[in-house]
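One chain follows as structure tokens, the form predicted alone.
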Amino acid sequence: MEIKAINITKKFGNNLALDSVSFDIKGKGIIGYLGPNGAGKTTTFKIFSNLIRASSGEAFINGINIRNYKMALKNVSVLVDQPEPYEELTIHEFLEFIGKIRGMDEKMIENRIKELGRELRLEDFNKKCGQLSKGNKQRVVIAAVLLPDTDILLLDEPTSGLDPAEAYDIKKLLKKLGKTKLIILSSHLLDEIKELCDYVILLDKGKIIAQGSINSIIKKFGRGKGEKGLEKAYINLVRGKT
């Protein structure tokens, strides 16, 4: 399992969203992708999911250039831009629809729906998505992302809109998945990153400003321990006090 960026640059008119971003992540585990609003996190995710194309540079998934997106994205699932399920469909109908789009057979779809229903504490499968709370809609969307059981997950703010109990279920599941899958996780919640990730990439103004294990980032750029140490390192980095 590998996701690799080589000098990726993305411009939107005169705005430079990404500036020669490079990284190479291999193996299993959960990697934190951090940065303030507008740093370029979501743009990176969109490039790796082929929603937009880089202005220059190359993106690879498992050694396959993302420009060959049908092959590159075969074993990847992506959550980006906080989508919502189709309101007129029931939870089951929506997840079944996603499964068919991903080329899953009916038996696999049903087994995965039941499994994810338990792990994510989904409501009555016959309830229409439009009747769900924001938090429950988010859980249905996460179930849709996880449905194909792919080896690589790109998750942009997966616990956004969830209350602490709902977020707990998601984090518990991500910890389990991180033992066998490669997960790139974007989040503004530093305590969440500290809890889930061992390695982080910090982005600011379209550039990678630091990457490494959480302990090494804290030791080099922060003062203190645990969450507070990571918070101090983050603030020092984005404010240029290193």
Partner chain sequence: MKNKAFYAFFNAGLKMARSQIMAFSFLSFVLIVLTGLLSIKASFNSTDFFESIGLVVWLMIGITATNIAAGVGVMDFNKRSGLLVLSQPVDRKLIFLSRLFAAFLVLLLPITVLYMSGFGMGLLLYKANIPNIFLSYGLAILYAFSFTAMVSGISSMSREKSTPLSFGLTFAFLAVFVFAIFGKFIGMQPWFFLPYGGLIISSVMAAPYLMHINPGNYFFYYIPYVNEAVLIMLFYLVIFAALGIFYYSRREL
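All values reported here derive from a predicted model rather than from experimental measurement. Numbering follows the first chain given and starts at 1.
One more form of this protein exists, namely the form predicted in complex with its partner chain; it is left out here, but the text below deals with it.
Just one listed stretch, out of 176-184, 209-217, 196-204, 65-73, contacts its partner chain in the predicted bound form at the 4.5 Å heavy atom level, and that stretch is 65-73. Of the residues given (Glu123, Glu93, Asp151, Asp169), Glu93 alone sits with a heavy atom within 4.5 Å of its partner chain in the predicted bound form. Contact with its partner chain in the predicted bound form, defined as a heavy atom within 4.5 Å, holds for exactly one of Leu162, Leu147, Cys129, Val80, namely Val80.
Its partner chain is not drawn, but in the predicted bound form it has a heavy atom within 4.5 Å of Glu84. Remark: Leu155 does not count among the residues lining its partner chain in the predicted bound form, judged by a heavy atom distance of 4.5 Å or less.
In the predicted bound form, Lys10 approaches its partner chain with a heavy atom inside 4.5 Å. Contact check for Ile113: every heavy atom lies farther than 4.5 Å from its partner chain in the predicted bound form. Taking a 4.5 Å heavy atom cutoff to its partner chain in the predicted bound form, the contacting residues in 86-104 are Tyr86, Glu88, Leu89, Glu93, Phe94, Glu96, Phe97, Ile98, Lys100, Ile101, Arg102, Gly103, Met104.
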